[in-house]
Structures are given as structure tokens and as C-alpha cells.
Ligand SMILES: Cc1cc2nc3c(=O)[nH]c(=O)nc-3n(C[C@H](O)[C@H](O)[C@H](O)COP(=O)(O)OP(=O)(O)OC[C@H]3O[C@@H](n4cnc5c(N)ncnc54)[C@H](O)[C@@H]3O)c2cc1C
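In C-alpha cells, one chain follows: the form predicted alone.
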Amino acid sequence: MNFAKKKFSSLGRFEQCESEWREPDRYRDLLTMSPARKHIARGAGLSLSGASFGTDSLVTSMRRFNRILAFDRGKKSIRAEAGVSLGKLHEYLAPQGFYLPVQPGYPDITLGGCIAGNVHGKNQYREGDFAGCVQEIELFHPARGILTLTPAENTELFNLTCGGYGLTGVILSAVIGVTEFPGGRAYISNIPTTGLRDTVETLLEIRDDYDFLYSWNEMSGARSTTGFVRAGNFQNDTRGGLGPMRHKKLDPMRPVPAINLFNRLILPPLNGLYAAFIHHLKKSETVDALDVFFPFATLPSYFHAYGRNGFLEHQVLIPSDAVAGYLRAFEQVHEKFRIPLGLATFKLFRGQQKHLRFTGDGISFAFHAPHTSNLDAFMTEVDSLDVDHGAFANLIKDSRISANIARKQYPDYDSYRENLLAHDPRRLFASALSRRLNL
């Protein structure tokens, strides 16, 4: 059978390729997958890496499988198809007094994508990551049929699938635990900091006091000298968080400016104005809960401002006892290359690292870097200091990290590959990400 071809891109535009694709709307068509070729499922297509497309892989869009199937108020759980968006789930749950406690920052991201990427939200230290919310997965594999996975049934395959980048099969539906809605508004304090280490110390000092907690740090110049910690608590206010979703479509393939607007001339004064605005006019504020859950919902222009060459996100989890040394080394590397970083942020993490999941005890440090001529050299040194300090990168976000670096950073890298091969000897599911990481 011949399928139409389409060009796909990661959100940062680093990974792109043309793949055959299909968009079934019935299960009898969805489950017709040839065991003679490679496949990969695709949700919203908003991954920062090429996790939902790949050369020689047939891309199966899941966007028409977006129904909410059941809601159990007593058990505090919801069953939905994998293509349902976070925004749709929120619009259904919030009026009934519930929400998903772990969700990334854009409402079009799908349930299946959250499971495959094992995403985290605005306070991983308190909420954990998405795998902790998953109670059951319905998975389809052409050679094995439809399988039911839970933490107690098909446990190893359940663990391979949560944070498995879609490589174990097609997630059809899932049962997710929900939490009582904390309130439609949130009171936020923007606490000023001076430099990276002061930011981390502030986060650690107040970590048990807030519902959500993360930072913004100015790193468009040679060295970070300013920033703030965004700390907030939800308020029991029914005026907010319950209305229709307000967001603009985020499309990685949308035409964008030819030049990077976040360059070394524009970004420093722009970040300086933003920092001054926060420090002097927005030391505290009350916002709608939707603005907390989905801070990028109305700001797709931010991603497009990096131009046709795009940007890279690098997120790394640093062990707590290595943070001070890591930040000193990173500042030296950053000062050497002077790449303007459009976004730099810290979050606190805790948990147990397993397989290739981005989780564990420590400090998460993330930044956005434009695709400049010296970015490869900069990131080569960043990769080395990650390895030297026992830190590991988020593989679903960094769209150029190699298999060699991933193996050095993740102790379970080889066992993950072996378990994946045992489940799927013919490796029927593949993507640009899996090929790059040799999975």
C-alpha cells in the first residue's frame, strides 16, 4: 500500500525528515499495521526531538483517537484514548473538581505523548513524573496484539513503555490517576536572585512551601547576574481555571522568519527589560490556574522567533552533591563561547532513575540555545561536563545527543536496549530519535 509523504520536524527544527504517514479514524484501520516495515505513532508532534517520525518509518497519527472513555470519581481516575489532549482533559475534569497533577506547558500535547516521554510539570519535586500517575496502558504491537499493562501486570513492559519514546508499540488508551482541583487561581511570588548558585540555594530553602516552583535566569550575556524564582500556591477561587482553553496553535512546520530574532544583539536588552519588569512591577501577582498549567499556551511566537535554523533545548539532571562544581564549570564554558541563551531555568527533582527516564534526585537545569555556528563545539563541552559530574540529559528534549553520550550518562542504557529487543526482536518501531540513539 502506498501512503502520502509529509515533511516532519521537531519543535526546535533540529531533526527533520520526510516520512510516509497515515491518519486512521477507526480501530480496524489503526490496527492494520504491516509487520514487514517500521512504524512510529505520533500525537501532537510537539516533541523537541524526532520521537514521532523517522526515515523509512510509517508515521501513524493518533489525533482522531481522542475520546474520553470513562471517569471514576470514587477511584479518582480517568480512562481516555491516547490522542486526547491535555487541554481537553482539563476542560472535562476541572468543572468536576479534578485535574492532572503532572502536565507539561502546552495544552495540545497528548496523553500518549506524556506517557511515552514520561513528562514532568512545574514541581517534579512534589508531584513526581507522569509515570507515577499511570495506572493502566492498552498497548498494540503488530506481532503481539493488544496488551494490557499495569504496574503489577506485564510490569517490565509497563516500565519500558513509560518513558519508552513510543518504541514498544502504539499506546491506544490509558487509565490515569487524577487529583482534586486545587483552585482556579494562583498567588505567585517572583523572588529575585543573583546568579545561578543563589537561585539553587533559594529553591532548596523554600522547596516545601509551594505548589509550583521553578526559576528564570538571564543568560544572554557572558555570565548570569540576575534571575528570579517563581513560587506559587493555588487559591480556592472558582472564578478561574474552569473556562474554555485559550491557546494558539503551535506548529513546528509553520513558516518562520529567516533570521534568529533571539541573537546576541537583541536578546540581552530584551531579557534585561523582562528582568526589570519582574523585579520592580511584578514581585507578586495572582493569575488564572490555566496560566500556571500551560504557560506557553498563548506564546507560540517564542519558539518561532529562533528563525529557520531553530533552537536546541538541553535539560540535564545534576546530582545534588555535584551542583556547585557543575555550575562553576558550566559558567566557564558559557563564558568561553558566549552563546546567548533564550531561556535558562532550574527545577528541583526527586525519584529513582530507571531505564532511560529523566528522573532522580537532584537539580534540573535547562536552557534554550539558538542554532549558531559554534553551538556544536559548545555542546560538545557541555556533554563532557555532564558526564564528568554524573549528570544526565533529557533524551526526549535534546535533539542532537549521541548514543555514545547517552550510554555514558544512563547506567541502564544497555539493559534498556536488551529488554526492548526481547519485547520486539524485529524492532518494528523506530524514529529519528531511536536511530540517533541506536535503540
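When you see a residue number, it is the position in the sequence shown, counting from 1. Quantities reported herein were computed from a predicted structural model and do not represent experimental measurements.
Separately, the form predicted in complex with the ligand exists; it is not shown, and the next lines address it.
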Quick check on this chain: which one of V382, A406, M33, I396 has a heavy atom within 4.5 Å of the ligand in the model of the complex?
I396
Scan F337, F296, F181, Y92 and let me know which has any heavy atom within 4.5 Å of the ligand in the model of the complex.
F296
Taking R126, F228 and H314 as the candidate spot, are all three within 4.5 angstroms of the ligand in the model of the complex by heavy atoms?
no
Which of 107-115, 194-202, 146-154, 272-280 lines the interface with the ligand in the model of the complex (heavy atom within 4.5 Å)
107-115
4.5 Å heavy atom contact, L420 and the ligand in the model of the complex
no
Look up in the model of the complex whether F346 has a non-hydrogen atom within 4.5 angstroms of the ligand, and give yes or no.
no
Consider Y326 of the chain shown here, and say whether it contacts the ligand in the model of the complex, taking contact as heavy atoms within 4.5 Å.
no
Can you check whether L375 is within 4.5 Å of the ligand in the model of the complex, heavy atom basis?
no
Using the arrangement in the model of the complex, list in sequence order the residues of 158-188 with any heavy atom within 4.5 angstroms of the ligand.
Y165, G166, G169, V170, I171
